[in-house]
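This document opens with one chain alone, in C-alpha cells, the form predicted alone.
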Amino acid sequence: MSTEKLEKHMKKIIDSQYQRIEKMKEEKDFIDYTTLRPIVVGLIGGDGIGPYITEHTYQVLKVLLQEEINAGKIVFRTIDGLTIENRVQAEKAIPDDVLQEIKACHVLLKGPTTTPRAGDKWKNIESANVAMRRELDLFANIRPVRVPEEGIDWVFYRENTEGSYILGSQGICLDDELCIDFTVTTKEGSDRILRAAFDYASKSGKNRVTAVTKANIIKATDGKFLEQAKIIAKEYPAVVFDDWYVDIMAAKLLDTKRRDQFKVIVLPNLYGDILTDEAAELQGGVGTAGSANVGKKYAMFEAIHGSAPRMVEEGRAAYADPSSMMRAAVMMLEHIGFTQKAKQLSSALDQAVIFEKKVKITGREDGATSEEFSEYVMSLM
C-alpha cells in the first residue's frame, strides 16, 4: 500500500472519530421508561443455540409478566432476521430491514450471534454485536458476577464503543510483511462510561470503583482512560477509587484474600471482554452470566457466551443452558423499572443455580433440557 493510500485511510478514520465525538457531545439524558406505554421489547434469537435459549427465556417472562402484558404495559416483538445466513447474504453485520425493526423497539433481549473467522464457511463480515453497539450507541456493557459464599459481588462496567473493537474491521495490511490495527480512546467516550460506573457505585452502596488499564505500557489511549478516571473520581469523594493494570487484575480476581474487596470495575473494551469471561467462570461459567448493553436511547440485553454451533451440529441444542439469557432478562427488567419482577426472577435463578440445584444442566443427555430447566425456574418464582 502506498504512503498516499495509507494517509487517506488514516484521515478517513480520524474524521469519522471526530464526527462521533461531536455526536456524543450532543447526547441527551437517558430515556425515562416510566413515560413509555407500552415498552416494546424485541426478541432476537440469533444463531446456534440462541433461538432455543431465547424462546425458553421468553416463556418464563410471559408467566412472570402476565399482568403487565395484559395491561398493555409491555409488548414483545420477535425479530427473526439477525441470523448468519441473512447477514452474509446482505453482506452486512445487520441487514437494513432488520436494523429498522430493531430501532422500532425500546429494549432488546438478544441471543448469541455467530461472527465468522478465518477458515469458516461464512464470508468474513463484521460482528453483529459490534455493529449494534455502534448503531444504537450502546456505550456501557454491564456484567454482574456473584458468588455469595466466596464474598464475590462484582459489577463490571466495560466501555463498549471504543478501544480495539470499534476499529477492528478497519485495520490494514501494508504488504505481506506488515499489518496494523487501531485502537481509539476519546475523552467523551471515557467520561460517560466512567461516570456511569461511579454513579452506580454511589447510588447502589457499592462505594468502590476500580479502573483497569495497561497505562504503563499503552500510554496514549489507556493513559487517557486512566487520566479521565482520576478526574471523575474527584467528583465522588464518598466513593473509594483505585486502579490496577489488567495483567495483575486478572490474577487478583483469583486471589481469595483480595477479590472480595472489589466492587465496581470499569475498564476499556478489550480488557472488559476478557476479564468478564474470567469472572463468569468463578460464578459457574459463561453460561450463567447475563450482560447489559446500555445507551441513552436504546438498551440490549444478552447472554455473554457464543452461539455454540457445535451443540446444534451434534443435536444437543435442546440441552443448552438458558440461565445466562435469564440473567440478562433480570437486568432488562431492572433497567425498564420492573424491579420487583426482576428480584422475583433473580431469586428463582439463585435458588435453581446456586442453592437448590435440583435440576442440573450439563449440555448433554445426562442433564436436563432447556425446557425442563425453564419449568424448574418457573416453579420457584
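These numbers come from a predicted model, not from an experiment. Counting begins at 1, following the sequence as shown.
Just so you know, the form predicted in complex with ligand IPM exists too; it's not on screen, but the next bit is about it.
A.B. asks: By the heavy atom within 4.5 Å rule, which residue out of 165, 139, 271, 156 makes contact with ligand IPM in the model of the complex?
C.D. replies: Result of the distance check: 165.
A.B. asks: Just to be sure I understand the contacts: of 130, 152, 215, 172, which is the one whose heavy atoms reach within 4.5 angstroms of ligand IPM in the model of the complex?
C.D. replies: Exactly one listed residue reaches within 4.5 Å, namely 130.
A.B. asks: Hey, in the model of the complex, is residue 143 touching ligand IPM, heavy atoms inside 4.5 Å?
C.D. replies: Result yes; residue 143 sits at the interface with ligand IPM in the model of the complex.
A.B. asks: Residues in which of 122 to 130, 74 to 82, 94 to 102, 244 to 252 have heavy atoms within 4.5 Å of ligand IPM in the model of the complex?
C.D. replies: Within 4.5 Å of the partner lies stretch 122 to 130.
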